[in-house]
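Below sits a lone chain in structure tokens, taken as the form predicted alone.
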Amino acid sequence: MLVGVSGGIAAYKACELVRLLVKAGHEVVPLVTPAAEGFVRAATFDALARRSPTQEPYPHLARADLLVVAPCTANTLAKLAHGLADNLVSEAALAHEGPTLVAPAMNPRMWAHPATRANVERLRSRGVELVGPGEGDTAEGEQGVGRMAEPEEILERCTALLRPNNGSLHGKRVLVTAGGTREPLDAVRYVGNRSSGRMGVALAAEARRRGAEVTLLGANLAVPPPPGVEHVDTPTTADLEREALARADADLVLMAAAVADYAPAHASLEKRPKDGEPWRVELRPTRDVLRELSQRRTNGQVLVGFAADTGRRGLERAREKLHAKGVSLIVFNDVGRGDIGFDAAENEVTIVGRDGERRVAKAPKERVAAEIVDEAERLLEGHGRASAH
């Protein structure tokens, strides 16, 4: 395993990460940039990795099962996104052919900058995994999102990425819906919502990472689908319903898409010209795709619904939805908040089940996705044990 350390105060955390990885039985090759040596000497990492610094003449070009960059500064993130290669870490990233995990660490304003957000999306579109950053106090005394993930969390993600192809969902078929459907009003206008599809895409990536055969039904995605999954474009509720019902026998269904509850009763094939007069539109209920899937459930299938709602009353409606729709789990997220949910890279959810509820604290959607799939897996395993007796 290659562990790249770039130049930030969080480099001290990378020492603990290397120690944990070695303790877990991994062979670690530290790659320390000159800027990182301003904080922690390369000899420290070599000692923790139990390696001689002269073991390999080109350590950054060694074939490895995983490349981890922790901490990954804003500068290093940009280099990785654009394929620059001017130090051991960025050169290793270009030569590496396996999975890559980066743990960003930077000032909150740098993390929020549009250039950094674009670099993050570029890396994700290439299948690079991100862990963190977390929220809290930074070294310069500011508060916000930018802290490097804790070494234990990075170790956990390393373990997940190194699972063999026969991972925990190997042999399972998983159906995921993502994005927001749009219902045409005329040739150019539509009724829709602000869902970007990030949550559903993160769920599809997590299920694929665990070895599942994944189909993603994407409704107007603002982010690229993850590599290794079948992607079917489903822009309207009717499209999503048709494709979902055709795959209703999946082992696990994750209905993360924001499916329109109402659609225009009459849609024009031409653009309605603006004439200064009021435009009264009749909206009719769409078919309830989640309920349809519930009615077709087979023994052992786990069906997870999502409730994008607002406030405490929204959580109450999610609890009611669990029983009314006959699903296994409901994932509630409060879209009334601006820092999570629609259009945000992070989420905070409550997973509502028949045996209780679990709150997942605010975290990147990739992390939240892992927590949701963990809960779904637990139910799948329970069904498997029940059918075996």
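So that there is no doubt, residue numbering starts at 1 and follows the sequence shown. On a predicted model such as this, the values are computed, not experimentally measured, just so you know.
Missing here is the form predicted in complex with a small molecule; even so, the following discussion is about that form.
| request: Answer with one of 260, 101, 250, 155: the residue that has a non-hydrogen atom within 4.5 Å of the small molecule in the predicted bound form. | output: Filtering the options by heavy-atom distance leaves 260.
| Pick from 201, 255, 217, 105: which has a non-hydrogen atom within 4.5 Å of the small molecule in the predicted bound form? | Among 201, 255, 217, 105, a heavy atom within 4.5 Å of the small molecule in the predicted bound form occurs only for 255.
| request: Indicate whether the candidate residues 286, 289 and 305 are all in contact with the small molecule in the predicted bound form, with contact defined as any heavy atom within 4.5 Å. | output: Checking in the predicted bound form: 286, 289 and 305 are all within 4.5 Å of the small molecule.
| request: Specify the contacting stretch among 135-143, 264-272, 67-75, 315-323, defined as having any heavy atom within 4.5 Å of the small molecule in the predicted bound form. | output: Heavy atoms within 4.5 Å of the small molecule in the predicted bound form occur in 315-323.
| message | Is it the case that residue 239, even though its partner is missing from this view, gets within 4.5 Å of the small molecule in the predicted bound form, heavy atoms only? | response | Residue-level check for residue 239: no, no contact with the small molecule.
| field | Non-hydrogen atom contact residue 309 with the small molecule in the predicted bound form at 4.5 angstroms | value | Answer yes; at least one heavy atom of residue 309 falls within 4.5 Å of the small molecule in the predicted bound form.
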